[in-house]
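Two forms, one protein chain; structure tokens for each follow separately as structure 1 and structure 2.
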Structure 1
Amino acid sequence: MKTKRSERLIDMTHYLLEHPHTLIPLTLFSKKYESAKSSISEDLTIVKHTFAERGIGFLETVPGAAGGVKYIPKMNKQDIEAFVNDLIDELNHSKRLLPGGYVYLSDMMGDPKWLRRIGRAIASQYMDTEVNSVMTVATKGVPIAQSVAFYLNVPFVIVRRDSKVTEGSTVSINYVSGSSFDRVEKMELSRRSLDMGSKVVIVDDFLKGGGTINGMISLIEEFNSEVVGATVIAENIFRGERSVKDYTALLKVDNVNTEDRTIEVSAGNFLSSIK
């Protein structure tokens, strides 16, 4: 039975949202809905227009026999600005500072409402870049990596500081950790989890001296792979020269008040990286 346009638009929207960054041949839709390709093309024009208009994302049309459509989740600049401001409101002056200068974020990093926005925002930065994998270090970065991976629709890999017996053989490197650059630590990645020649986006919660990100960069080199970018939720206050220069941060910690356990944050350099 032929499907009505209204039904096609709804199901198509669902299908596209569940398959971001995936080339979908028009024939898939015309078979699914038993409809002519010309009708499907008209549907997709409406979807494309609405996705753009409503800030849902970009629908790329690839012409030709091997062509089709590709949904690229994209948060527009205005929505990202609103999101960064919401982050600032959430963190500023709230009692999130823990002993030792750590910031409590676990509630937000466990909340799908925040994670969806984090994932869409960071994925937007890499929407025009070829990415094969999202990398982070256990354990704080994992929810961020998974959220970004959902919107880029690529696997994410978790670098560990401790060897896990369930990972199989691993590649490990030593890296310099700590803001005083005086501690050498080990991190490792399961050999099976990253293909040689991958293009990798690094994500993490906080950036201080940059030791952890530098460690991941070294590890990526061991897999003959390439870092295409690094993004963190917040760059911390750091006196001295960071060992990582090329990164984007959604937020910037401006001030830490240990007495009333609050921090002050403002927008990081992420916003200016978005077209």
Structure 2
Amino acid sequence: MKTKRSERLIDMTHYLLEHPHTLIPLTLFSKKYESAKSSISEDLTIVKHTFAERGIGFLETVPGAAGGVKYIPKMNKQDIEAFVNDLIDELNHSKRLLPGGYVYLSDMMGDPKWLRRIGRAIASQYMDTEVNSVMTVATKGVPIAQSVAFYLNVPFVIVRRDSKVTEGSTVSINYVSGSSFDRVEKMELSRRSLDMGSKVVIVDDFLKGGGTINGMISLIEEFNSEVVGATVIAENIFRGERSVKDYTALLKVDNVNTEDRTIEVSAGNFLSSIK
């Protein structure tokens, strides 16, 4: 059924937002709305301008018979900086402080409003990089990985510290805990979860000593795969040398005082990685 331009624009925008990093041929829209390709091209020009102006992302046009349009949901640096400041305002509060100097994040990891922004911000760092999979370790990193994977349009895999019969055969490694160098722990991944030769982004909620991320790096190497980056929500205070150095963090916990229940959080090194 032939549709009005206003209806086409709404439906087309929804389709693009639901299919990031997917090359969509103009013929798909042309047939769907029973409209000429020239009309579809004009519609996409309007969408492209609006996306760029509103900081929603940008549309990449691929010319030729096999071409089409692709939605890249990349945030600009100004919007990411504003988002990081929102995170800082949310976390610089005594209610976030837990016994032992830990910071409470679980409510944010269960809130779609925060998760969408976290996922899109982290994914923006890797928009121009070939990524085949996003990896995290159970359990708190799972919603982060899922959100990042959506915006990159790739699968996400979950590393576990205990065996699950439903995982089938697994690859396991022992690693040294970064926060307690005298403690050796184990993590494993199903052999079916990650293809050999994959390019992987690691995400997690917190970084302290770096042992968990270092363990995932070793596990990725067992699949003859490559780590293209590691990003965490926040790096915590750590006295000593971390076992992993190449990472980015949205936030940095600068100071925690459990006696007067104060916490100081600032921007991490993530912003410097965004062009």
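By convention here, residues take numbers in order along the sequence of structure 1, the first being 1. Fair warning: this is a prediction, and the values are worked out from it, not measured in the lab. Superpose the two forms; the largest set of C-alphas matching within 1.5 Å is the rigid core.
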Here the form predicted alone is displayed as structure 2
inquiry  = After superposing the rigid core, is the C-alpha displacement of Thr262 2 Å or more between structure 1 and structure 2?
reply    = yes
